[in-house]
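First, one chain by itself: the form predicted on its own, in structure tokens.
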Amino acid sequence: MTGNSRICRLSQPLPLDGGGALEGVEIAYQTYGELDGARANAILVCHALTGDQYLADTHPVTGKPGWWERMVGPGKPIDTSRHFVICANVIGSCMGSTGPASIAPDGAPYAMRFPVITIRDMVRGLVGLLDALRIERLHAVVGGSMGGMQALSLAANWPERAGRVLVIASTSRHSAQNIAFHELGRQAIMADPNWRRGEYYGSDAQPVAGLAVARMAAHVTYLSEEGLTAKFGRNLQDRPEKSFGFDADFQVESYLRYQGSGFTKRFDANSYLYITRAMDYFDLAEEHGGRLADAFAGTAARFCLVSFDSDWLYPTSESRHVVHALNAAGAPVSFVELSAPHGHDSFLLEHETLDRVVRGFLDG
């Protein structure tokens, strides 16, 4: 399907958790379906780290289908014949919303002068978009991975803005292991001689090698050992025997190099630094006095959390932690752990039971 692509310029400076405010913020977003007369059928879908607003139509850079095209559309679990679906590129990213590559008030790209942001700052931008669209209360907010963090942040900090909150393969805080993998990626980018402290805009030499390595490292965390073994095993790539060199001997090596190379064509290295830092700073309990249940005190929303048994990036224990906090806050919540061999990326792939859960929660 084809969505409506728009840019919203926020009318007020955007306050930031790190202090100060960001002027002239633009939010790039797509919409699908029609807003009803009561403006009450809107669903906000929040994207993951390397996602964007191209939820259910062809990506303008890669030419590939939208990242959740199988989930969003007429008659699909997120049914655009019933709901008005919004997906916006978060601030700090690189597909049209204000980020490090954007032009600062002095006429030059922000680069590393862009302020360090948080997940809550991203959600402030989304709330500003909802205000501009005159949508006071969402039928639901939905997100997987970093999108789930945004959904939880919206529910905790703007509890009146969504009636239902669907969080898939996510967490309320980043673990030390998560932070460690992100730091590995950031250091790969910053060690690339073409990064030049972020001042590479307008140059023919971009930090693509460092960004590719960052993507390769992160991509491993999105998969599972079972999935990698089933897909690649120790199979060699286009050769009858080992090369006794450092080319991609194994299929899994070739796959990761392909993932890294393709990623550099659609993503900005500085955006990767800023968004991973925002995820690492995310700790919803810390934002609310140290007790996660207090983040949801008084909420009137209904919650649904979904985890996958092969996800070691955000394992089921992280979802249970949120569920226990919601129970302590007296919030209505349902929870399901689904079986899938594909690791963290399972929420993006075909899964009939996930489809039934999403449809049932949003339309029930």
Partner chain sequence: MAEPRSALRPDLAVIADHVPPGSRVLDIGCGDGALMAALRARGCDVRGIEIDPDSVERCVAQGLSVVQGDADNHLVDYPDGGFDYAVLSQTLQTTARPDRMLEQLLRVGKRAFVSFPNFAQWRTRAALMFGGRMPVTRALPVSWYATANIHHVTVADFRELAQEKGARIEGEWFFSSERRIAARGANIRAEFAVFELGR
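Residue numbers count along the first chain shown, from 1. All of these numbers come straight from a predicted model, not from anything done at the bench.
There is another form of the same protein, the form predicted together with its partner chain; it is not shown, and what comes next is about it.
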**Message:** Tell me which stretch of 58-66, 41-49, 28-36, 316-324 has a heavy atom within 4.5 angstroms of its partner chain in the predicted complex.
**Reply:** 316-324
**Request:** Decide whether residue 295 counts as a contact residue for its partner chain in the predicted complex under a heavy atom distance cut-off of 4.5 Å.
**Result:** no
**Prompt:** Using 4.5 Å between non-hydrogen atoms, is residue 70 touching its partner chain in the predicted complex?
**Reply:** no
**Request:** Spell out, yes or no, whether the shortest heavy atom distance between residue 11 and its partner chain in the predicted complex is within 4.5 Å.
**Result:** no
**Message:** Is it the case that residue 335, even though its partner is missing from this view, gets within 4.5 Å of its partner chain in the predicted complex, heavy atoms only?
**Reply:** yes
**Fill in**
Applying a 4.5 angstroms cut-off on non-hydrogen atoms, the residues of 290-304 near its partner chain in the predicted complex are 302, 304
